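Below you'll find only one chain, the form predicted on its own, shown as structure tokens.
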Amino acid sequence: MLYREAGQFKATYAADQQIFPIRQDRIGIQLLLALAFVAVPLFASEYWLKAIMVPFLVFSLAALGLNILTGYAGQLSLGSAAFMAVGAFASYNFMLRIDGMPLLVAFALGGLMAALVGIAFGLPSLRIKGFYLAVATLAAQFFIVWLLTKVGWFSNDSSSGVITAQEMVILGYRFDSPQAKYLLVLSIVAVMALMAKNMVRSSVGRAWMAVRDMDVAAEVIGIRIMYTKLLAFAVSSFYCGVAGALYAFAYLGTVEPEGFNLDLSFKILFMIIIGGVGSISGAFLGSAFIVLLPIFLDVLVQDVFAGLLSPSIASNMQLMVFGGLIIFFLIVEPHGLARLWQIAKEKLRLWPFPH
């Protein structure tokens, strides 16, 4: 009864085309945005905003990009961190070499450069698929990190390849406090998440899902396979590129090419597997699981089991519990945490009646 769409009539074409057609979804999203934009900056400490919430949002955006490519278009990729590196270094160079470059335009151009690189490394998807494609995208991971390290122009001739991001200033306002950085990152992530939500239910999204389910049948009904796959690589890499720019400018401030290594690509892949492949909310749930749960377990072990366990076991308890929870969730619900939310909504349609 709480989540029943019966009786919600669509009187106009615009009402039928809303991103959230059900009233309960619209109210829930408005409450969630109000909580994120108002309550969190007011009550969260600077440490929480800077060290936890900002990376959570950045990784959510990167996972969202990979989910578009893998979850909706069915193309495996292990180069997400490399596309983040392209976005970070491209935004840095646009800000460095072009006087008066607006920050948001630099982020967009950084994402655009990542999209072009993504298209180049997505060309093998026209011939191979599955794990073979994943191995092909692995080349992007190693080649881009090597290129950014060896060619000094990308890091402004820094001997170690390290770059220090410029200050974030928009229309004269300096985003230097944790609250300001959090709100900027949250605004960008919220807008791009809504764009992705709208995109996957459009003809483009339906073409991606048709190619994912059976590319031969999709081609038979008139979908251009080459255009659809490369568009998925471009959009996915754009999202990862913007996430990389935010990772450098809003989170770390100073980054190096080796920071965008294969471990980071696997981390983003685990986020969409645990959160839910082919789900917008799954990117956020998976990012929360990977970023927030280890911190919660660390605090729990230190506060509850500090005197009961030896220091060597207590220091590794968090890793053991975290690994066990990953295996547990994959066994109990292999479709990810987003599927649990779908099951909850289906039960709320009937609650409190049994049938």
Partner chain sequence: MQFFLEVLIGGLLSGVMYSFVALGFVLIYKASGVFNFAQGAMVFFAALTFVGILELGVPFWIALVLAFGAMVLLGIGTERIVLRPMVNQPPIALFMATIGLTFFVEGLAQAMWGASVRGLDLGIQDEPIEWMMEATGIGVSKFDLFAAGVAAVLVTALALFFQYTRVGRALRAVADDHQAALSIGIPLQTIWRIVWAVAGFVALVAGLIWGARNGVQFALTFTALKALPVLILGGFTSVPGAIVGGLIIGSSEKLAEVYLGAYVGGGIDSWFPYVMALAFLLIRPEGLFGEKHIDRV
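Residue numbers count along the first chain shown, from 1. Predicted model, so just to flag it, every value in this text is computed and none were measured.
Not pictured, yet referred to below: the form predicted in complex with its partner chain.
Residue in contact with its partner chain in the predicted bound form (any heavy atom within 4.5 Å), chosen from 45, 302, 30, 316: 316.
The contact with its partner chain in the predicted bound form, taken as any heavy atom within 4.5 Å, belongs to 124 out of 102, 205, 124, 253. Stretch-level contact analysis of 280-288, 109-117, 216-224, 89-97 against its partner chain in the predicted bound form, using heavy atoms and a 4.5 Å limit, identifies 216-224.
Interface residue remark: residue 343 is not counted as part of the site for its partner chain in the predicted bound form, having no heavy atom within 4.5 Å. When contacts are judged by a 4.5 Å heavy atom cut-off, residue 235 does not count as touching its partner chain in the predicted bound form.
Although the partner is absent here, residue 150 lies within 4.5 Å of its partner chain in the predicted bound form, judged by heavy atoms.
Taking non-hydrogen atoms only, residue 173 never approaches its partner chain to within 4.5 angstroms in the predicted bound form.
Taken together, the three residues 142, 269 and 322 all lie with some non-hydrogen atom within 4.5 angstroms of its partner chain in the predicted bound form.
Taking its partner chain as positioned in the predicted bound form, the residues of 125-140 that bring a heavy atom within 4.5 Å of it are, in sequence order, 127, 128, 129, 131, 132, 135, 136, 138, 139.
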